[in-house]
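Only one chain comes next, encoded as structure tokens, the form predicted on its own.
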């Protein structure tokens, strides 16, 4: 399977759900459901809307610290959404009420244990019948103070060029790489069909099909096996958000989907080129690694209306909203033009971040999707397969299982 996407293939589309939307003032919109942010109904309704639009998957944001206006600091603002529910648990709650859409919660790797994340995402894959994934996220340095189990340097953006910060970043991403490797090995620690369930013989499992992973590294020593049998997909999707070479390398080496934040067509092309080069260095050139562009979207019936709505939200927040990703303001037709243009730069899909919920999510599902369908670049129904199969990712062989015997020569 080629790692290079064919621009003629249909687009993949996901949405990133976070609070009342990605604009800090979204919760003050008249149609916001801010009073329901911490209810199951709020999240099931949002995901149901995304599924009605036939989207590939939703991601659900999470973190180990409160939201803040800055990545490298904790603010004391009281006029923005603060607090959230656990993303993995939201996904598990939503799974039985949906049938097709993929569910990818965020779980951080810096202060958690891979054994816990492995069994949680494997369980999600069971309850969703093969629609689970995981966004592996590195914690912000500012969140380190919430944990007292080890010393980690706290640094700001201004420190990023300093040797101690460079070393800390390298160590953090090396830990993330080991974390993902341990999780993947634990998913393989049970062979397929290790559960026999033979009441007549009294054998529930075949112990020979459970394996110690015996991972020993500078950061983890994990023996295994998992307590959860191999997930329905074998390996649920691993996804990461990346902004520069070091995280690009993590995505190319360890992930199935890499979210990136291009500014324009040429930037998208340069990012894809770099990730493909890292993929070759990692020996994964024969594997499909999707590169999805992240875009914050403010959609309305006219460009003027979208710009005016963003300006109104900016006024409410007291500052012009900016993001690590491009903030698009315009119509669904204009956004469709942009998505197709960037696809020709090598992107295989997009993760759209609705600026305000539910307004911009509905604009995606009810205006953008029909426009893309009219252009013949988006599906008109779901297939019956797993999330992996929808994205063209094969079900991986189990690394611990003995290879099937070769067919006898005739």
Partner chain sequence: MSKPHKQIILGAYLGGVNHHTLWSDPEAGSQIDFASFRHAAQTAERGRFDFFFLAEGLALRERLGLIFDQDVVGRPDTLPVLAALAAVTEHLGLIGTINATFNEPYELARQLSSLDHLSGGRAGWNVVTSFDAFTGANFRRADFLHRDERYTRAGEFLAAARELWDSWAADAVAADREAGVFLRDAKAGEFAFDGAQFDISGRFTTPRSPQGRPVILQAGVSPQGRDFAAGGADAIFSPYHRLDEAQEFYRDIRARAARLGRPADAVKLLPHASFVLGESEADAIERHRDITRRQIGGRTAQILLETVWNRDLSGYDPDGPLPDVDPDPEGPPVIRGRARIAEDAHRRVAEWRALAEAESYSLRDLAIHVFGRTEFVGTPEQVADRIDTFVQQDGSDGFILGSHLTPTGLDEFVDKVVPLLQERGSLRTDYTGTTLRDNLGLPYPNAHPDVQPNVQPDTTRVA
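Positions refer to the first chain, counted from 1. None of these values were measured; they are calculated from a predicted model.
Keep in mind that the form predicted together with its partner chain is not shown, yet the notes after this line are about it.
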Practice item. Please state whether every one of the three residues 72, 218 and 281 places a non-hydrogen atom within 4.5 angstroms of its partner chain in the predicted complex. Key: no
Point to revise | Partner contact for residue 224 in the predicted complex: its partner chain, 4.5 angstroms, heavy atom | key: yes
Exercise for review: Answer for residue 65 alone: is it within 4.5 Å of its partner chain in the predicted complex, judged on heavy atom distances?
Suggested key: yes
Check your understanding: Does any heavy atom of residue 114 come within 4.5 Å of a heavy atom of its partner chain in the predicted complex?
Key -> yes
Check your understanding: in the predicted complex, does residue 248 have a heavy atom within 4.5 Å of its partner chain?
Key -> no
Review point. Heavy atoms within 4.5 Å of its partner chain in the predicted complex: which stretch among 342-350, 368-376, 25-33, 46-54?
Key: 25-33
Exercise for review: Consider the chain as shown here, without its partner, and state which of 145, 311, 322, 160 has a heavy atom within 4.5 Å of its partner chain in the predicted complex.
Suggested key: 145
Study note, to complete from the structure: As a check of understanding, the residue in 174, 326, 92, 338 with any heavy atom within 4.5 Å of its partner chain in the predicted complex should be identified as 92
**Study point:** Contact set, 202-232 vs its partner chain in the predicted complex - heavy atom within 4.5 angstroms
**Key:** 202, 203, 204, 205, 207, 210, 212, 220, 221, 222, 223, 224, 225, 226, 227, 228, 229
